[in-house]
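Given as structure tokens, the chain that follows is alone and in the form predicted alone.
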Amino acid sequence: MANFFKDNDDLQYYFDEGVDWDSLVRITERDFADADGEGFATTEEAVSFYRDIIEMFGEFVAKEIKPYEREIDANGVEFVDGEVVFPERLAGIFDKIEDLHLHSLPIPRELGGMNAPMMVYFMNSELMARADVSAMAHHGFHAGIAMAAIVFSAIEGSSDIDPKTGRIKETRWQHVVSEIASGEAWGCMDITEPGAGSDMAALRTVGEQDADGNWTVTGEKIFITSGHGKYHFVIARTEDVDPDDPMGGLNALSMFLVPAYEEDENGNRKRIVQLSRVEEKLGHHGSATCGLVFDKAPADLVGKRGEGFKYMLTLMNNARVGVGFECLGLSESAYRTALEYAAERASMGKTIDRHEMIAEYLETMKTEIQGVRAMAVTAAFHEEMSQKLALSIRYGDLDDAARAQMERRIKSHQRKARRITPLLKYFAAENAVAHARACLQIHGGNGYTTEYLPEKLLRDALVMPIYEGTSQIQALMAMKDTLGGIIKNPQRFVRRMAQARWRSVSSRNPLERRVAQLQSLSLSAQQQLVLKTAGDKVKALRGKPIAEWTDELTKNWDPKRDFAFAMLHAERLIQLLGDTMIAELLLEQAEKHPERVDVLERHLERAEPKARYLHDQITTTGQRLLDRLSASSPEMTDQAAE
């Protein structure tokens, strides 16, 4: 019988060798403090349980979802009398998931869950997305929102947690977590508004507090995945915008938890937040994308007013890691579908998987999937460790030395998660589209018909570079962090360049030399961007000691003028950064496990010429376009008139 975990050697490698389960299990099981109760006594015991779950789910999605993927797509969801209605097949799938208690997989035991790491939940997400990505998109807003409620309560200090065992005695939104864990409800996050997509400073939904201290939310949200759920984390404006605020009004936003409806004991529903519409989309037909209207809806303020953007980043970081695994599932489906078709389709005396160009398409898909999976597992590990360590340090009974050590660990995990997450979201989403497109091309004319799967995969894939932060937003984030790090610590950047160049010629391992050469190209491109960005500032540094550069470089920036060149090349930079990151991760694996050498070699064959091309583009192009834009900008025209 088909099993989407057992037939995937690369995913099994990560489960068996590529995840630091001991660290995840220890932080999740609170150093086995509950071993005499319901908890596990050893890492091995816990990991054995996780494997049972993933193997069971791999069989479930292959049997209960994949055969009905086209049916789910064809039937979609209905909007009836102001409510979303799932067709019988899709509703039945989620009834079975509820029976398996999988909505509660990462939720702590004391709150009714299985207490598995989010890593297990994410791996399951890939398996489900391979079966049907729209069903996966809906599934993700169950346990994910429950975990967000737990984390937000802990961060704001409204949880009672035993400092010795780490058990949650009480948490603010315990009823929300319980309903989701039992499968009775789910939630969503509401950010996007008409006219305010990526520009959060333009949000108009407001949160208002009455004389008794009660909060309400009023406004409109659109494009909300699974917006028919009960519990909504909503971003709304609560403060007046300071015109001198360098955050562009983001400090005026707050986060709220809003119940969208109430139900009586007979299950009769009274809506508090109205569904205005359900979008008719190109793909993702098994996922409801809703418009919502809030009219003085009662709300709970999350944390402190004005900190909504910070809380949103916590949600978005986890969501972007989740999308990485979701894209992996879609890419895996495209690759397997193309591989199966090519192995059966004969042309010119042999099956087309033996034709050179098609063979290269297939190998490229496989290689890129393996590269993204390396980033996805790494990002998931560091994001989960950083969040769970942060809760441990907040509520744990630690002495000063232990606290200082844990703070260093948190910063390390946070830094790594922040570096890799935008790269993961960018590469996973862009590759999902490319792989679905290649799958369709390999099918030829058949791929363009609705009788075959590729057209459905392509329709589903096209939204991936858009939602949870567009590919361009990810590129700008990566660019800002990369160049900001160089400007803050130029000495460290100079050391990194020297070390990479030395390894590129001196390492005894030829693969390490090639990876170092890739790093050198990336760092050289970064240097070019910094030099062009800093402009006159760098010229003023000539003759000054490097120790004085940081202070000079961090003053008096004009983002619109100074960062234009870097913004133009941001998408090229993120491609360089991502290919280099994958090479670094695969080199680390190859040094420990010789069977991974082949994966690294295949990646380098594709990354090296691409890196040379991207480096050439960054270092030799762009100024002509910037000059034209500058000459035609209203600001320049106004200055000329003056």
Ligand SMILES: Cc1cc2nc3c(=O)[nH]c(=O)nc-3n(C[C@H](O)[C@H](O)[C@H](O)COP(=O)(O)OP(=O)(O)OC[C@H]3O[C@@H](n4cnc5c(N)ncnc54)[C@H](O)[C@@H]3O)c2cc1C
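None of these values were measured; they are calculated from a predicted model. When you see a residue number, it is the position in the sequence shown, counting from 1.
There is another form of the same protein, the form predicted together with this ligand; it is not shown, and what comes next is about it.
S412, S506, S182, S198 - the one with a heavy atom within 4.5 Å of this ligand in the predicted complex: Checking each option against this ligand in the predicted complex, the one that comes within 4.5 Å is S198.
So which of V176, A534, I97, M189 gets a non-hydrogen atom within 4.5 Å of this ligand in the predicted complex? Flagged contact: M189.
Would L257 show up as a contact with this ligand in the predicted complex if we use heavy atoms at 4.5 Å? Outside the cut-off, so no.
Should S386 be counted as a contact of this ligand in the predicted complex, where contact means heavy atoms within 4.5 Å? Looking in the predicted complex, residue contacts with this ligand do not include S386, since no heavy atom lies within 4.5 Å.
When the contact criterion is heavy atoms within 4.5 Å, does S104 count as touching this ligand in the predicted complex? No, no contact at 4.5 Å.
Should Y467 be counted as a contact of this ligand in the predicted complex, where contact means heavy atoms within 4.5 Å? Result yes; Y467 sits at the interface with this ligand in the predicted complex.
This ligand in the predicted complex: within 4.5 Å of a heavy atom of each of F141, F223 and V463? The answer is yes; F141, F223 and V463 each reach this ligand.
At 4.5 Å between heavy atoms, only one of the stretches 525 to 533, 71 to 79, 329 to 337, 471 to 479 reaches this ligand in the predicted complex; which one is it? Careful reading of the contacts points to 471 to 479.
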